[in-house]
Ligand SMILES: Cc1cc2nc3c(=O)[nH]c(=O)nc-3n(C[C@H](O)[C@H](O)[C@H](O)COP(=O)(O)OP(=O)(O)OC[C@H]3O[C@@H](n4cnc5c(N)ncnc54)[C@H](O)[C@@H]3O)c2cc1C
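The chain that follows stands alone, in the form predicted alone, written as structure tokens.
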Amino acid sequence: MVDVAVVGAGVAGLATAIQLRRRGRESFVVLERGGDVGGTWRDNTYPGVACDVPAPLYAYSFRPQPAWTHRYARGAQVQEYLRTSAREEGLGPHLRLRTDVLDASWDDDGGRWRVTAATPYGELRVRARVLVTAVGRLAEPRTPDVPGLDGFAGPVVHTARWDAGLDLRGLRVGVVGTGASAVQVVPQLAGLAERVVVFQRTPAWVVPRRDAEVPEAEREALRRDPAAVRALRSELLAELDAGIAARRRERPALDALRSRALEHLAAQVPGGPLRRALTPDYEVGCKRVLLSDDFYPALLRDDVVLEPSALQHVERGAAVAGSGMRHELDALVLATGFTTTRPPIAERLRGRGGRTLAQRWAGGMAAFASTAVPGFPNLFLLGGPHAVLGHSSAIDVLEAQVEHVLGALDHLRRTGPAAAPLEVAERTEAAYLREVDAMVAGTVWQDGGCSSWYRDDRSGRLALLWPASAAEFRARNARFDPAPYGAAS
């Protein structure tokens, strides 16, 4: 038996484990289904994968990384940072890799979570007073429901499950999607493949990335001055958090963001049919604004075609678009995102009375403080409902959630092993959701004219996104307050 079981060894799970160790808590285990830590950064190895927020913001505030080689860290560098963090923080004895949680059920009588997981050596059973899920939103690739996809003659690969042995040189490749992964992978395939066809269901707003190598002298200066690293991180956080003004439709911030994107498009794509096809018809910020300096130039190449409609169906050696155009292809790359509002872990978590989290969320995702759910005592969700940012790095939000969990653990320790479990009431969650809905009102996410993965299709609510700044999330949710927790009603 352990005090804490953490599901997932990605950014959030490792942050939790590191802070547990730093606070002298050794009774915990981290259950990770993969063969290594890293989560999203372990799984996403497609050509061109990189962070889309400035690199200093993609390190823990308590483990700054002054040696990033580029303004935007490459995926392999982020993965190595996470792997190094786990090793140097002494997490090895607590990690259980290749351990897939099959079921986690609350035991009312024992006041514990009973977790069953599959390992290469058979079942592992764990009893824990507290369960923390840190499975992330970008963990389950979404494969589009397209007729004929299973019968395609060539390789079909999702960007989140890239095959390192896949050789696309000289092939005719279709890329499905124009989101964050697509704008990174398309420029890498252009010139490598004989022909690239990009299927665009909805154009994206794109702004300049302005990536560059960080000079060695600058990196060395940061290594010598930890205070400068902290100051840079704070400066960048404040700069990105200022972007919430545009999402709230505040002017001139909204107009400036829209103009920045339109000017970038005009500077890189000549006027005509292509530029018109790449111009969104919804408000800027309604979907995540993408950063790229080379996506538009890639689309101007003679060997790259933008198909301005969604993939409709697939034949053995071709893909047919909604426009009716038929494209002969040898391979398909699915840059189609992830299953976000229906995480598989929700089917495996059983709270009071055996009710699953998926059943609780049948009408849409919700959680108090973006972290706790009525009917699920001593369960804390990291990266769940309203814990995603549309304008900045999610790490600051995740660290705030970890602080909330640590505060809950401190409270449980003070009240003793026989104390009642922590559980929020229905009315408490409902009040929190009303607060969040009030924040959404008037923003680009409410009536910006687009659909996005931020929204839950069951409830229609903005279920994943935190509709305010990272600083506001921290102020609202980082400090644990026992008052909202108690007997459910």
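All figures in this text were calculated on a predicted structure; none of them were measured in a lab. Throughout, we count residues from 1 along the sequence that is shown.
This next part talks about the form predicted together with this ligand, which is not shown.
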**Prompt:** Can you say which of 62 to 70, 454 to 462, 36 to 44, 431 to 439 gets within 4.5 Å of this ligand in the predicted complex, counting heavy atoms only?
**Reply:** 36 to 44
**Prompt:** Among the candidate residues R288, R83, R142, R195, which is the single one with a non-hydrogen atom no more than 4.5 Å from this ligand in the predicted complex?
**Reply:** R288
**Complete:** Checked V53, L422, V29, A425 for heavy atoms within 4.5 Å of this ligand in the predicted complex; positive is V53
**Prompt:** When you measure heavy atoms, are G8, D100 and R348 every one within 4.5 angstroms of this ligand in the predicted complex?
**Reply:** yes
**Message:** Even though the partner isn't displayed, in the predicted complex is V135 close enough to this ligand, meaning a heavy atom within 4.5 Å?
**Reply:** yes
**Request:** Decide whether F338 counts as a contact residue for this ligand in the predicted complex under a heavy atom distance cut-off of 4.5 Å.
**Result:** yes
**Request:** Determine whether any heavy atom of S393 comes within 4.5 Å of a heavy atom of this ligand in the predicted complex, and answer yes or no.
**Result:** yes
**Exercise: T178 in contact with this ligand in the predicted complex, heavy atom 4.5 Å** = no
